[in-house]
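Let's start with one chain on its own, the form predicted on its own, as structure tokens.
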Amino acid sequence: MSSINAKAQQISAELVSNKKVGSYHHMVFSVGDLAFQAKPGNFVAIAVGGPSSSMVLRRAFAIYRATESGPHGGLLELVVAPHGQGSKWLTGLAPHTSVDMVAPLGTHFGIPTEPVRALLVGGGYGSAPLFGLAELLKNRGCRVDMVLGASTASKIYAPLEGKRSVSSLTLTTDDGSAGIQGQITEVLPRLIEENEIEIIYSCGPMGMLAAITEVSKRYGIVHQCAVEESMACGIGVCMTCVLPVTGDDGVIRMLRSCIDGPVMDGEQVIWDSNRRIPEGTFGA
């Protein structure tokens, strides 16, 4: 395991709470001192299906929030969408059930050393890591504005909490059922200019992250994004989550999202590779 995951542990984590919130499940796990190591942008890998399951691959979930103390000790909170067999099995668990969890994994969002004006952009349940990040940035004296978008209102996670966590919250939906109708990127230029944004943090579908990168490049703003690639192992072994990234030296390399990410510089990711190795990639 690389130094990125040097603090990761494999533990038996007890499910403390499992509540349905809109289209998603808010799940809380007791993890002891491991919670001290988790930072916004990190993720967990959970074995799903039980001991007799044919689902041998773990499922990766972004950490929504880490709480370092409480009646159950350290806690990790996840927001899970019950889409496939693995996530449906997980969201069907009852409190006091234990799961095999490896955490915290991956890179985390970089926090400025000086107060900045930050814009947080989240799509669907992919916005989960942004809530803990917003709290951390505010504690550092940053102004924090947030945009949450989804196809419809029920797929925007915790808009009321988002409103409490930031200086301003903007909602967008494709069908107009909440906030402004349209794509999430359509509101970014106005917010960047009105709030004099200096850095963008984002989580969500890859197409959305690519579109945000185009906006950030236009304004010359740093864009840190948590990429959404399929992570079968979570620790850099299986190579299922590779994507092309241009390094500081100008060389394109196929990097593993679970080790070199999920948080990356949006401007360095080659978004239009269509899962192909770009010409000139190192080692190709």
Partner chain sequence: MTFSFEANLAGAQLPNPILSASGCAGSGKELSQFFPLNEIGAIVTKSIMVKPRSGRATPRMAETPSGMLNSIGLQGPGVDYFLENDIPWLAEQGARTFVSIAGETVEDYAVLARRMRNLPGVVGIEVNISCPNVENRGMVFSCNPDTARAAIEAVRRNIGGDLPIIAKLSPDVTDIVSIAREVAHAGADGVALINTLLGMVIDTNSMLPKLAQRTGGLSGPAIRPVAVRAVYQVHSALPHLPILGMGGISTGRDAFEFILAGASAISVGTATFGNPQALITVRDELSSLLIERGFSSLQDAIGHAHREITE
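Residue numbers count along the first chain shown, from 1. Computed from a predicted structure; not experimentally measured.
Below, we refer to the form predicted together with its partner chain, which is not included among the displayed structures.
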Among 61-69, 213-221, 237-245, 32-40, which stretch has residues whose heavy atoms lie within 4.5 Å of its partner chain in the predicted bound form?
237-245
Which listed residue (V166, L137, V102, V79) meets the criterion of a heavy atom within 4.5 Å of its partner chain in the predicted bound form?
V102
Classify V251 as contacting or not contacting its partner chain in the predicted bound form by the rule of any non-hydrogen atom within 4.5 angstroms, answering yes or no.
no
Check S17 for me: does it contact its partner chain in the predicted bound form (non-hydrogen atoms, 4.5 angstroms)?
no
Taking its partner chain as it sits in the predicted bound form, is S12 in contact with it (heavy atom to heavy atom, 4.5 Å or less)?
no
So in the predicted bound form, does any heavy atom of M231 sit within 4.5 Å of its partner chain?
yes
